[in-house]
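Okay, so here's just one chain, in structure tokens, the form predicted on its own.
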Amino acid sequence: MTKKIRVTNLYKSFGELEVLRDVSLDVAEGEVVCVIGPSGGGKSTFLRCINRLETVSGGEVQVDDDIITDPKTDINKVRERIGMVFQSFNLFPHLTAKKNIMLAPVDRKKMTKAEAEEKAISLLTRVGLSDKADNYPHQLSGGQKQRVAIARALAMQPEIMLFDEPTSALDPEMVGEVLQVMHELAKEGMTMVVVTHEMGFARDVGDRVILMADGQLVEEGKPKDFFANPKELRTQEFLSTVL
């Protein structure tokens, strides 16, 4: 299996606070890895280290052949291959759904305006929002905003998608529509690392599930084994509170 992401002995501290301690993980091409665990366990920080939104304190992150923890690496070039979706949408409020999606490809000179517009319309269709192209974020529901955010991340034609709790800010009835889009991406073979509270998604869509707690990777396994027979006490305790 081709390794898309290789994380080796990763450490991250904020001042005195050690948030990640010696985390190592490989993600293969086309694999969906779901990261679960208690709040404050380091999951989001871990995800942000993969595309250098956080500077690591130690260890190494490699994406394909690029060592992205090396300051000499052109991170903006690497980020073109890594889409990221946050829990808070981060859409530009003054731009329509379509314009939000067009912005990066035009900005980064990947596409002409006309190409980017065509791409945006096709992505909006793909996430079920072709009729919302000219709506502004304030005219969209939470679930619709998050689907636009996913479409925006896909506009750069990334090879990897990182999802940081993409449904945690949504009303329960909107969660399904976002998970559906993610499910389809997984079926198409997108390499994905998903920090999530949605255990059903992790069980049904994940190729591997990882428990992260206290800044460490506690346990990993295939969803069936992980949920049915967790080996570590920490995993058993966590699952008993969420399942």
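Everything numeric in this text was worked out from a predicted model, so none of it was measured. So that there is no doubt, residue numbering starts at 1 and follows the sequence shown.
Absent from the display: the form predicted together with a small molecule. The rest refers to it.
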Taking heavy atoms only, is P38 within 4.5 angstroms of the small molecule in the predicted complex? yes
Taking heavy atoms and a 4.5 Å cut-off, does T45 contact the small molecule in the predicted complex? yes
Residue contact check: V19 to the small molecule in the predicted complex, 4.5 Å heavy atom: yes
